[in-house]
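Here's a solo chain for you in structure tokens, the form predicted alone.
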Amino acid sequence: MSFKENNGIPIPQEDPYFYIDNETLDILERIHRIAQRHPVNVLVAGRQGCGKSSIVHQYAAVYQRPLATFQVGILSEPGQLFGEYALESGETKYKQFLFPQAIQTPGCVIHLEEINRPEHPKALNMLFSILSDDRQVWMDELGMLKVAEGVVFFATLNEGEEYVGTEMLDPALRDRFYVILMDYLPNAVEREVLIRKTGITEEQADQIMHAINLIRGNSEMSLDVSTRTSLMIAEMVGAGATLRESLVTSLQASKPTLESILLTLQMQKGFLEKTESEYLRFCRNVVL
């Protein structure tokens, strides 16, 4: 089935170096088959920075489907995804948002990002009808809205006590989704991704992976280095930064934790270079 009418919603570009395990790849192929018969809902869960949003983007790119992403975290009331009343030329008019257009676009991939982080839990109430077997919802302002043929809803979430502002997803809502669980890439694959995406050398990639594995393997540091973070470190190295500078600027750690990490790595002879702070002017004339 080909979806050529996309209502102006763009089809994303494919990432040539996106890796997933064969089981997840098979699941996505089956999701694609099901979507050719009727709309389908998929929940992607996993730790931060493990590629949850990226897999939605890649799915749309590989199967050449338009992609529309919506931040659930900004929702504070039911219906806010659909539109709002606004003052226009002295008159109060209803302004339709992108969401109604997206759900009525055949084959559209709709990404509900951080679905368990709305400002108010009731803000998700209107999604129940959209994600149910009926696939339609009535709005006084827009009339009956029906989900178009082949639409795929992807919802992503970080779930757990460590994620401030999140809620446990309503069981009745969660029950409407297939679930894909994601984790970080194996070392060899992550190393390959760093090289391919940032252009660093194999030696630089080995140093970065060595540092990351020391951090990940140290329970006392209680620091989880995501694939997103390892890419940030590699990008800094690729831009000419030292490994020490790249770790300092990329790791989301408190100062004591960061000092502990650097000390641990410094104890390995020649692994991290020592640097002396030097203060230089940072202004337009100097930079240019």
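This structure is a prediction, so every number in the text was calculated from the model and none was measured. When you see a residue number, it is the position in the sequence shown, counting from 1.
This protein has a second form, the form predicted together with a small molecule, left out of what is shown; the following refers to that one.
J.: Can you pick the stretch from 223-231, 244-252, 35-43, 59-67 whose heavy atoms fall within 4.5 Å of the small molecule in the model of the complex?
T.: The contacting stretch is 223-231.
J.: Answer with one of Asn158, Asn218, Gln136, Gln104: the residue that has a non-hydrogen atom within 4.5 Å of the small molecule in the model of the complex.
T.: Contact with the small molecule in the model of the complex is made by Asn158 alone.
J.: Since exactly one of Ile180, Leu185, Leu173, Leu145 fits, which has a heavy atom within 4.5 Å of the small molecule in the model of the complex?
T.: The residue in contact is Leu185.
J.: Report whether the minimum heavy atom distance between Arg196 and the small molecule in the model of the complex is within 4.5 Å.
T.: Judged by the heavy-atom cut-off of 4.5 Å, Arg196 is well away from the small molecule in the model of the complex.
J.: Taking the small molecule as it sits in the model of the complex, is Cys50 near enough to touch it, meaning that at least one heavy atom pair lies within 4.5 angstroms?
T.: Taking the distances in the model of the complex, the answer for Cys50 is yes, it comes within 4.5 Å of the small molecule.
J.: Hey, in the model of the complex, is Ser54 touching the small molecule, heavy atoms inside 4.5 Å?
T.: Ser54: yes, in contact with the small molecule in the model of the complex.
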